[in-house]
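What follows is a single chain, given as structure tokens, in the form predicted on its own.
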Amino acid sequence: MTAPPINPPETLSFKYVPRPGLLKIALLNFFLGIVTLTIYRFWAKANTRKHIWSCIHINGEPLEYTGTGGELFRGFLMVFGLFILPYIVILKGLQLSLGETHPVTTGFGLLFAFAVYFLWGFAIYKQRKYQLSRTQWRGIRGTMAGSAMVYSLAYFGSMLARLFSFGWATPVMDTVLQEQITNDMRFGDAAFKFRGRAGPLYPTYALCWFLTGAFVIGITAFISYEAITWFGSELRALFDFFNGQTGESTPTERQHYLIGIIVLFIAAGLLSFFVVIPVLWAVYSAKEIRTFANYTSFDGAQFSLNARPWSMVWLTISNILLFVFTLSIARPFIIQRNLRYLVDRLSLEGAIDISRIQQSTAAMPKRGEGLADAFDLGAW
């Protein structure tokens, strides 16, 4: 009797193969989002993912996304009914009966805010679990094997650690969280593994932290100097008025100067939070995702990611410009560019016996990402 042929282990290659149709999806998402007062966003997410997932090829075969807008919508309705609606009803009741400034009303608002922060990690984990369960390759789907509540506790602890360390706990906390969520990931019945230290991240983190601090201090000092100059001119004008003298500047000129300072303050804030700081921290993001890829393996094969600082900086800048100048219509293209950046730079060293991987027996989530959508985490 002849033994059945055994498929040899495969060396996996990753490639993003774009296909037409994304512009139509982007325009339809934008138009129907307006017409339906954003309700269409659930179907917009599903259609965008189906298109982009199908462009990700592993050994020439595309991924398949099987999630639906209906699943996402039902997930949101469940969270809205169990979480958001009761909060609105109770809060309005307290405001009408006790007043908006009553300690009980304030305490309830603070309790809800605490619950949101506490469940933030829970939402992230459930979102990842849903997306993996709806992602297939060669008919095999992904899943998560751990506890969303355990991850949520770790995530909440990480937020406190970042706060009390002025951000310096970030590399350690990011590494801990990535290790937990990666080790819970499965493709079929095969597990991903993550192991590594946060130490190599700190030189780049320190550079970005100090550059950000220097920028914030510099821009604050400049605006403060301008504000003090204006205040000084007002004091001189007041002094000249009481002494019967004519000041060097007219009230209209000083008013225009004040308006200029306000405009400068707003522009500096927008520039800082939407351009300069994201660009600075893109350098750290490149280091982090490259390091985390090197810490990750699958079935004994090691991942690597060729993400370099300047390429990440350019990706960040161009995405910001796309988002602003298209009024967010290009959001699907930004998602595509981010995933394409990762896929085309990802490699796996070592061969994997794909034939021995069996379908996951974990239960499929029936609803998708309700809490993540309620918290507006973004799906990407």
Partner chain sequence: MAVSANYFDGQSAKDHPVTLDMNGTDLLFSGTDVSPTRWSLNGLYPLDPPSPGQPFRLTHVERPGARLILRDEAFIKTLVASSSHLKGGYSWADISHVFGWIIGGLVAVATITYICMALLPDRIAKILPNDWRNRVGRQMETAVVEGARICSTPKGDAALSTMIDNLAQGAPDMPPISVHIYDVPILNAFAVAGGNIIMTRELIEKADAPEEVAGVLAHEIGHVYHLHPEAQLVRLTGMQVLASIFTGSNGGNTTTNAALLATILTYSRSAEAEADAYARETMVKASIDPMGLKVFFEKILKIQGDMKGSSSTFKALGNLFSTHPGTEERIKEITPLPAGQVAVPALTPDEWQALKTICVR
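Numbering follows the first chain given and starts at 1. Because the structure is a prediction, the values reported are computed rather than measured.
Omitted here: the form predicted together with its partner chain. The next part is about that form.
The partner is absent here; in the predicted complex, the one residue of Ile140, Val275, Ile223, Ala301 having a heavy atom within 4.5 Å of its partner chain is Ile140.
Comment: its partner chain is not present in this chain, but in the predicted complex one of Thr204, Thr182, Ser152, Gln136 has a heavy atom within 4.5 Å of it, namely Gln136. Shown alone here, Lys50 lies within 4.5 Å of its partner chain in the predicted complex, counting heavy atoms only.
Although the partner is absent here, Leu327 lies well away from its partner chain in the predicted complex, with no heavy atom inside 4.5 Å. Taking the partner from the other structure, its partner chain in the predicted complex has a heavy atom within 4.5 Å of a heavy atom of Gln95.
Although the partner is absent here, Phe192 sits far enough away that none of its heavy atoms falls within 4.5 Å of its partner chain in the predicted complex.
Residues placing heavy atoms within 4.5 Å of its partner chain in the predicted complex fall in a single listed stretch, namely 96-104, out of 259-267, 96-104, 173-181, 281-289. Proximity of Trp43, Thr66 and Phe76 to its partner chain in the predicted complex is complete: all three residues have a non-hydrogen atom within 4.5 angstroms.
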